[in-house]
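Just one chain is shown here, as structure tokens, and it is the form predicted on its own.
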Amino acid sequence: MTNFNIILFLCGWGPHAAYQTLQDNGSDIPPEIKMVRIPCTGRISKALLFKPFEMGADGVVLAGCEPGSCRYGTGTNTALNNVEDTRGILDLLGLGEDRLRLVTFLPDEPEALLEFLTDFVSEIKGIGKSPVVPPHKKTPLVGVDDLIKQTVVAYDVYTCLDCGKCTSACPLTLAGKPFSPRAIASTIISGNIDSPSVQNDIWACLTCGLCYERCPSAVNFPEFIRDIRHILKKSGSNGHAAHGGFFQSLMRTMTSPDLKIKHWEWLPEEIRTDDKSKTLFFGGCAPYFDIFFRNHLGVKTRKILVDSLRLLNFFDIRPAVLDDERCCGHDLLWSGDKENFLKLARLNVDAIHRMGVQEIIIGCPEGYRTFVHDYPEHGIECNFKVTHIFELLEREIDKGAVGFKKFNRKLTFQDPCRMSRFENCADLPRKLINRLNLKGFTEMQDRETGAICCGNCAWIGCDSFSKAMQVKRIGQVHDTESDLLVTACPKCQIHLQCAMEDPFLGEELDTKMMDLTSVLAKTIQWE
């Protein structure tokens, strides 16, 4: 007999009184229902709504009070937005939005509550068991001290000269955070990994690469931090995940092979793809970002993917797309979850190999870095060429007969860390910008390999110092007197837009942004 598990988040006020009446009367509450009492539906974030699905739940109900009767005022409205967003992501994942429901009940409606629960259990059984495989229980990691020492040796951290150039360049330190890459290295070398400062700072590091850029001993501090995080994660550390760990939870859920993900069903009809093409466009997680942030930031990073495909179509390239495309795993790897990163990597690469693809085009700098370096370095063989879309566009435009319509804007450019420093490709987006027919292009004070990070990486370590970095960066944008900030990474748009939501500095920080891909797609023409 198949066992179904349905989580009922039950507000402790109106609906709980109705549920209590059912219990007191010995009513036949479906055994599939697992009740969790909560203070208010508005306290259940998207991360908490999604977590049961990561753990293999077949359905989730959030039961609260009628609008206007919420004890906390805005709880019901907050719950409505959170459920709407989470349902959208469940649909994109292929789990189906109907597995999640928001309902409201008054204290004197126990029979109506029972009828709903009975019907919902029946609906879930009709949908079927969730295909999500719950994560394995963690086994205690042995030999932690030896693993730390091996990691120190692997990255030659002993060659650190204690010169302080890393700390003097670190954007977090310059933002006022008591943070020092060389202090972390020195403390770990001394064997004091359990130091509270190290335990906190390991997760605060942006892994932006500025320290590595300035290090005279070429100590690869970002990758060192990445691997130390993996050891700490295996040892039981939860890290400092932003947004309640939602994105890590989402990515772990994607490791379930039987998920029927609907990554591209939203594409506009005019976009031309060909499932038999030997060229594949790999989009990344922008569709999930747009749904998650639509009621807060209103970002439209999915447009970057559409404009990327429009540009490919412009050059008569009709790429294949991977219908069940999963996250590349970048954020799991850089937040210490190497095991699930490898699961995602294998699922993606195996699917691409089955399609017989010879080349994949990627626009996301993190995805590009992951396919080009991290997959092979972790034993995932990619039998296809990986090309960044900027490289392809520069090559095609350089053939001639292509021009750009007048774009009456003055631009400046935000360098993505994974492109400027990690790939040493800061010149590539600038070649394309210089081809545009612009009102002007002015560089910021910190640019190219010295550019300031957007303030977060892998959805961990976000705090007031990240915000201070973002405010500083937007200040540099305004110093150029540009009227448009051009980005080349969806997360740069998200994090900088987040800074602009400040209730006190909002108008002062307000900056228009467009991805370079979208600027190119908007203005390109045949001559």
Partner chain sequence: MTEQKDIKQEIVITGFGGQGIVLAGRILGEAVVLGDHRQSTLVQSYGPEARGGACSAEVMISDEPIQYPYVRHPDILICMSQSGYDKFIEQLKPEGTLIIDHDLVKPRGIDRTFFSIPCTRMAEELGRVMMANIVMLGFFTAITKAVSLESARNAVLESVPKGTEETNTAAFNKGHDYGLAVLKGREKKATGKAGA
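All of these numbers come straight from a predicted model, not from anything done at the bench. Positions refer to the first chain, counted from 1.
As for the form predicted together with the partner chain, it is not shown, yet the points below apply to it.
Using a 4.5 angstroms threshold between heavy atoms, Asp162 stays clear of the partner chain in the predicted bound form. Contact annotation for Phe314: at least one heavy atom lies within 4.5 Å of the partner chain in the predicted bound form. Interface membership of His136, defined by any non-hydrogen atom within 4.5 Å of the partner chain in the predicted bound form, is ruled out. Proximity of Ala521 to the partner chain in the predicted bound form: non-hydrogen atoms within 4.5 Å are present.
Only one listed stretch (199 to 207, 436 to 444, 393 to 401, 226 to 234) carries heavy atoms within 4.5 Å of the partner chain in the predicted bound form, and that stretch is 393 to 401.
In summary, among the residues Arg326, Arg101, Arg310, Arg421, the only one with a non-hydrogen atom within 4.5 Å of the partner chain in the predicted bound form is Arg310. Of all the residues from 497 to 527, those having a non-hydrogen atom no more than 4.5 Å from the partner chain in the predicted bound form are Ala521, Ile524, Gln525, Trp526, Glu527.
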